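Just one chain follows, in the form predicted alone, and it is written as structure tokens.
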Amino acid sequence: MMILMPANSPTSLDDEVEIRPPDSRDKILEVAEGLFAYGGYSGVGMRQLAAMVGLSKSALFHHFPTKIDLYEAVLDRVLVRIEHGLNGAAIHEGDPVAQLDAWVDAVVCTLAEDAPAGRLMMRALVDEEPFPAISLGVGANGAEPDRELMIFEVRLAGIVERFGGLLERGIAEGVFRAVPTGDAILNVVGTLVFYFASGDLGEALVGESIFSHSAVSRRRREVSQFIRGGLLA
């Protein structure tokens, strides 16, 4: 929520202020994230979404001309938050193990703050709709992709590249095992994302909400140790 004051106004909390409601676009993205996370791409209707955010369908299309545009923006919004967390945790450039710990913790915290995000990313990574596969910038045998990459795919490729570079540096320095980086990245992604997409199964296994303070605190500790144990030489 943004509080607006004239430049020459006193800043006392007792003064009258104007409260600006959330921007329509932000509200659309927030509601759409939950719908796509739990209903999948095909399970979300634009008319349904417009009604939930209190807009006409034409007003919704003013912000997002097509459903695929909206889906791409929703996915990119989650990845922007993940990327921001990684940037804030990029403080151990000389120590691959400490940097890995910081990045893993940053991703866990980001997904824990946004309940639909883990399920949304899991769906996006495995569902065949609205596209058969997410591209990371290369096609078969390293060839150019056969379609223009979507914004969120470019951002995802950058995040994956950062993890891959860290793994390769750790392997070169002898602190990580000589594991295939592609396999290692898939293991890390699965470990980080599935937990926050696990829903009722996750709650049954941990005995409480997977988003509770105690469960998230435990997850921050356990997942870091788990990934460390699999990678350390």
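Please read these numbers as outputs of a predicted model, since none were measured by experiment. Residue numbers here begin at 1 and follow the sequence given.
Omitted here: the form predicted in complex with the DNA. The next part is about that form.
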query	finding
4.5 Å heavy atom contact, residue 54 and the DNA in the model of the complex	yes
4.5 angstroms heavy atom contact with the DNA in the model of the complex for residue 24	yes
Touches the DNA in the model of the complex: residue 61 (any heavy atom, 4.5 Å)	yes
Residue 185 within 4.5 Å of the DNA in the model of the complex, heavy atoms	no
Contact segment among 162-170, 193-201, 39-47, 176-184, judged by heavy atoms lying within 4.5 Å of the DNA in the model of the complex	39-47
Those residues of 62-86 which, in the model of the complex, come within 4.5 Å of the DNA by heavy atom	62, 63, 65, 66, 67
